[in-house]
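In C-alpha coordinates, the next block holds one chain alone, the form predicted on its own.
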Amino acid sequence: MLEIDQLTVKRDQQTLRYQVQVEAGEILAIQGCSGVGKSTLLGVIAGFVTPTGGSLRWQGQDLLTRPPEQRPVSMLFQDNNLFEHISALDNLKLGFDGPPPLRAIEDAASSLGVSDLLHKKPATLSGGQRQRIAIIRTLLRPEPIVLLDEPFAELDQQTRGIASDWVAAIARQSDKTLLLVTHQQEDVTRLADRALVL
(Lines give C-alpha, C1' and ligand atoms only; values in the text may rest on other atoms or scores of the structure.)
Protein backbone atom coordinates (compact mmCIF):
# COMPACT_ATOMS: atom_id res chain seq x y z
CA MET A 1 0.00 0.00 0.00
CA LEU A 2 1.08 3.56 -0.76
CA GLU A 3 0.21 5.74 2.24
CA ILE A 4 0.19 9.52 1.84
CA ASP A 5 -0.60 10.95 5.26
CA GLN A 6 -0.98 14.68 6.02
CA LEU A 7 1.59 15.46 3.34
CA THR A 8 2.10 19.22 2.90
CA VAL A 9 4.01 21.17 0.25
CA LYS A 10 4.68 24.90 0.20
CA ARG A 11 4.37 26.38 -3.28
CA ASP A 12 4.60 30.16 -3.68
CA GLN A 13 2.06 31.53 -1.19
CA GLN A 14 0.05 28.31 -1.22
CA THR A 15 0.13 25.23 1.04
CA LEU A 16 -0.91 22.01 -0.67
CA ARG A 17 -2.19 19.13 1.47
CA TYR A 18 -2.53 15.48 0.46
CA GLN A 19 -4.20 12.57 2.22
CA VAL A 20 -4.80 9.32 0.35
CA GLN A 21 -4.12 5.59 0.47
CA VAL A 22 -3.56 3.60 -2.70
CA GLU A 23 -3.76 -0.18 -2.54
CA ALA A 24 -0.97 -2.19 -4.14
CA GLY A 25 -2.03 -2.98 -7.72
CA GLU A 26 -4.62 -0.19 -7.81
CA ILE A 27 -4.92 2.32 -10.66
CA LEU A 28 -5.79 5.77 -9.30
CA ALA A 29 -6.70 8.69 -11.56
CA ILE A 30 -5.88 12.14 -10.17
CA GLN A 31 -8.01 15.01 -11.45
CA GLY A 32 -8.57 18.67 -10.70
CA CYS A 33 -8.21 22.08 -12.27
CA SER A 34 -4.84 23.48 -13.32
CA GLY A 35 -2.59 24.59 -10.48
CA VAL A 36 -4.26 22.49 -7.80
CA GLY A 37 -1.15 20.34 -7.25
CA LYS A 38 -1.61 17.15 -9.29
CA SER A 39 1.87 17.11 -10.82
CA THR A 40 3.34 18.28 -7.52
CA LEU A 41 1.98 15.19 -5.79
CA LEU A 42 3.68 12.93 -8.35
CA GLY A 43 6.88 14.92 -7.86
CA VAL A 44 6.77 14.34 -4.10
CA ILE A 45 6.24 10.59 -4.54
CA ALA A 46 9.12 10.40 -7.03
CA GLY A 47 11.39 12.44 -4.77
CA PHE A 48 11.78 15.54 -6.93
CA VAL A 49 9.67 17.78 -4.66
CA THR A 50 10.40 18.05 -0.94
CA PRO A 51 7.36 18.26 1.34
CA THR A 52 7.27 20.41 4.47
CA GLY A 53 5.41 17.84 6.57
CA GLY A 54 3.59 14.54 6.71
CA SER A 55 4.62 11.02 5.72
CA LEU A 56 4.92 8.93 2.58
CA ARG A 57 5.17 5.16 2.93
CA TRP A 58 5.23 2.21 0.55
CA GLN A 59 4.52 -1.21 2.09
CA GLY A 60 5.27 0.35 5.48
CA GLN A 61 8.66 1.74 4.44
CA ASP A 62 9.38 5.48 4.65
CA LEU A 63 10.08 6.92 1.18
CA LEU A 64 10.85 10.48 2.24
CA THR A 65 14.29 9.50 3.53
CA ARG A 66 15.26 7.96 0.17
CA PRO A 67 16.70 9.86 -2.81
CA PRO A 68 14.77 9.58 -6.09
CA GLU A 69 17.02 6.88 -7.56
CA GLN A 70 16.37 4.61 -4.54
CA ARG A 71 12.58 4.86 -4.63
CA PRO A 72 10.48 2.05 -6.14
CA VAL A 73 9.06 4.51 -8.67
CA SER A 74 9.00 4.84 -12.46
CA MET A 75 7.70 8.23 -13.64
CA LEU A 76 6.60 9.59 -17.00
CA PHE A 77 7.01 13.37 -17.08
CA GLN A 78 4.97 15.68 -19.31
CA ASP A 79 8.01 16.27 -21.54
CA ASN A 80 8.74 12.51 -21.86
CA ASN A 81 12.45 12.78 -20.89
CA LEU A 82 13.96 10.77 -23.73
CA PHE A 83 17.71 10.95 -24.39
CA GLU A 84 18.10 12.66 -27.75
CA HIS A 85 21.54 11.25 -28.68
CA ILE A 86 20.51 7.57 -28.69
CA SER A 87 17.83 5.62 -30.54
CA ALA A 88 14.32 5.00 -29.26
CA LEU A 89 15.27 1.35 -28.73
CA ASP A 90 18.33 2.30 -26.69
CA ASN A 91 16.11 4.59 -24.60
CA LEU A 92 13.83 1.62 -23.95
CA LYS A 93 16.75 -0.55 -22.82
CA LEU A 94 17.72 1.83 -20.01
CA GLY A 95 16.96 1.27 -16.33
CA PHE A 96 17.18 -2.48 -15.99
CA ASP A 97 19.57 -4.25 -13.58
CA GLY A 98 19.95 -7.21 -15.92
CA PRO A 99 19.41 -7.68 -19.65
CA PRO A 100 16.53 -5.53 -20.95
CA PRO A 101 13.31 -7.43 -21.82
CA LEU A 102 13.68 -7.20 -25.60
CA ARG A 103 10.66 -9.42 -26.33
CA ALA A 104 8.43 -7.27 -24.11
CA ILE A 105 9.81 -4.11 -25.73
CA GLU A 106 9.10 -5.48 -29.22
CA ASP A 107 5.59 -6.60 -28.24
CA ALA A 108 4.85 -3.19 -26.69
CA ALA A 109 6.19 -1.33 -29.72
CA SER A 110 3.98 -3.45 -31.95
CA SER A 111 0.91 -2.88 -29.76
CA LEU A 112 1.44 0.89 -29.77
CA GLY A 113 2.35 1.16 -33.44
CA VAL A 114 5.96 2.30 -33.08
CA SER A 115 7.88 -0.80 -34.21
CA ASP A 116 9.27 0.97 -37.26
CA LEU A 117 10.57 3.84 -35.13
CA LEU A 118 12.82 1.94 -32.71
CA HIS A 119 16.05 2.72 -34.55
CA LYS A 120 15.28 6.41 -34.96
CA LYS A 121 16.43 9.12 -32.58
CA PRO A 122 13.76 10.92 -30.52
CA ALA A 123 14.41 14.27 -32.22
CA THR A 124 13.10 12.84 -35.50
CA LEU A 125 9.83 11.64 -33.94
CA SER A 126 6.53 13.47 -33.57
CA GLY A 127 5.19 14.38 -30.14
CA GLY A 128 2.77 11.47 -30.17
CA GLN A 129 5.46 9.01 -31.22
CA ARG A 130 7.81 10.23 -28.50
CA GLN A 131 5.01 9.92 -25.97
CA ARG A 132 4.32 6.29 -26.89
CA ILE A 133 8.03 5.41 -26.60
CA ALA A 134 8.14 7.08 -23.17
CA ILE A 135 4.99 5.25 -22.04
CA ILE A 136 6.56 1.91 -22.98
CA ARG A 137 9.78 2.74 -21.13
CA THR A 138 7.93 3.80 -17.99
CA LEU A 139 5.60 0.78 -17.83
CA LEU A 140 8.20 -1.88 -18.61
CA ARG A 141 10.65 -0.76 -15.94
CA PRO A 142 10.74 -3.04 -12.86
CA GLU A 143 9.59 -0.52 -10.21
CA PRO A 144 6.21 -1.37 -8.64
CA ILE A 145 4.91 2.23 -8.52
CA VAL A 146 4.20 3.96 -11.84
CA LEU A 147 3.47 7.70 -12.07
CA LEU A 148 2.01 9.07 -15.31
CA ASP A 149 1.55 12.82 -15.83
CA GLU A 150 -0.88 13.45 -18.72
CA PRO A 151 0.55 10.46 -20.62
CA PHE A 152 -1.81 10.65 -23.61
CA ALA A 153 -1.90 14.41 -24.20
CA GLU A 154 -0.14 14.22 -27.60
CA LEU A 155 -2.21 11.33 -28.95
CA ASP A 156 -5.21 11.39 -31.28
CA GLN A 157 -8.46 9.82 -30.11
CA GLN A 158 -7.91 6.37 -31.62
CA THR A 159 -4.26 6.09 -30.54
CA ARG A 160 -5.20 7.37 -27.08
CA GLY A 161 -7.65 4.50 -26.67
CA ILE A 162 -5.10 1.92 -27.81
CA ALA A 163 -2.42 3.34 -25.50
CA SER A 164 -4.67 3.58 -22.44
CA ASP A 165 -5.90 0.01 -22.92
CA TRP A 166 -2.28 -1.18 -23.21
CA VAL A 167 -1.26 0.72 -20.06
CA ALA A 168 -4.16 -0.79 -18.12
CA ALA A 169 -3.36 -4.30 -19.33
CA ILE A 170 0.37 -4.08 -18.52
CA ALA A 171 -0.25 -2.46 -15.13
CA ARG A 172 -2.67 -5.20 -14.10
CA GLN A 173 -0.55 -8.00 -15.58
CA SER A 174 2.52 -6.73 -13.70
CA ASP A 175 0.57 -5.78 -10.54
CA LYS A 176 1.77 -2.17 -10.77
CA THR A 177 0.39 0.52 -8.50
CA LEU A 178 -0.37 3.32 -10.94
CA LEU A 179 -1.16 6.98 -10.35
CA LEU A 180 -2.38 8.84 -13.41
CA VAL A 181 -2.81 12.61 -13.70
CA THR A 182 -5.40 13.37 -16.38
CA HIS A 183 -7.93 15.99 -17.42
CA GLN A 184 -9.83 13.47 -19.55
CA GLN A 185 -12.80 11.58 -18.15
CA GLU A 186 -12.25 8.93 -20.82
CA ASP A 187 -8.93 8.01 -19.19
CA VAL A 188 -10.67 7.53 -15.86
CA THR A 189 -13.34 5.32 -17.42
CA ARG A 190 -10.93 3.16 -19.43
CA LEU A 191 -8.10 2.88 -16.93
CA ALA A 192 -8.82 3.70 -13.34
CA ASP A 193 -10.23 1.76 -10.42
CA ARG A 194 -11.19 5.11 -8.87
CA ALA A 195 -10.55 8.83 -9.17
CA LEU A 196 -9.16 11.35 -6.67
CA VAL A 197 -10.26 14.94 -7.29
CA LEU A 198 -7.91 17.55 -5.80
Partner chain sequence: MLIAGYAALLLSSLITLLAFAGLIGFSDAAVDWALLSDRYFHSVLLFSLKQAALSTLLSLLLAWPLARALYYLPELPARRSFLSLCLLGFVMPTLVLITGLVALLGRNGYLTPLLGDNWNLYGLNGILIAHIYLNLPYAVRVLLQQLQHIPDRSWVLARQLKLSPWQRLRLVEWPVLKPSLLLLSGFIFVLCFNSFAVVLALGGGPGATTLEVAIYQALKYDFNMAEALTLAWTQLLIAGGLFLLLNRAGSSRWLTADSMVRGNTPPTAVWMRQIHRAIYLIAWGCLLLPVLALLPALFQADLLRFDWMALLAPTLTSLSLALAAALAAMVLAYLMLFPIRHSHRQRKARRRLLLEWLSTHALVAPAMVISVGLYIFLLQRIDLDRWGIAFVALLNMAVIIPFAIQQLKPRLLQYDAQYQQLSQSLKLSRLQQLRIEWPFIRAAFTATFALILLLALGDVAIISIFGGDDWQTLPLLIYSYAGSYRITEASIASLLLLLICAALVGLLERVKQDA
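Numbering follows the first chain given and starts at 1. Bear in mind the structure is a predicted one, so any value in this text is a computation, not a measurement.
Absent from the display: the form predicted in complex with the partner chain. The rest refers to it.
*Asks:* Though the partner chain is not shown, can you say which of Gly113, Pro101, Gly95, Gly127 has a heavy atom within 4.5 Å of it in the model of the complex?
*Replies:* It is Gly95 that has a heavy atom within 4.5 Å of the partner.
*Asks:* Please determine whether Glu69 contacts the partner chain in the model of the complex, using a 4.5 Å cut-off between heavy atoms.
*Replies:* Yes, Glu69 is a contact residue.
*Asks:* With the partner left out of view, is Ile105 within 4.5 angstroms of the partner chain in the model of the complex by any non-hydrogen atom?
*Replies:* Heavy-atom contact with the partner chain at 4.5 Å: absent for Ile105.
*Asks:* Any of the heavy atoms of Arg137 lying within 4.5 Å of the partner chain in the model of the complex?
*Replies:* Yes - in the model of the complex, heavy atoms of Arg137 and the partner chain come within 4.5 Å of each other.
*Asks:* Report whether the minimum heavy atom distance between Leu89 and the partner chain in the model of the complex is within 4.5 Å.
*Replies:* Residue-level check for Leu89: no, no contact with the partner chain.
*Asks:* Tell me which stretch of 153 to 161, 56 to 64, 24 to 32, 140 to 148 has a heavy atom within 4.5 angstroms of the partner chain in the model of the complex.
*Replies:* This holds for exactly one stretch, 140 to 148.
*Asks:* Indicate whether the candidate residues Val44, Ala169 and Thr177 are all in contact with the partner chain in the model of the complex, with contact defined as any heavy atom within 4.5 Å.
*Replies:* No, none of the three is in contact.
*Asks:* Though the partner is not shown here, which residues of 24 to 49 have a heavy atom within 4.5 Å of the partner chain in the model of the complex?
*Replies:* The stretch 24 to 49, when checked against the partner chain in the model of the complex, contributes only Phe48 at the 4.5 Å heavy-atom cut-off.
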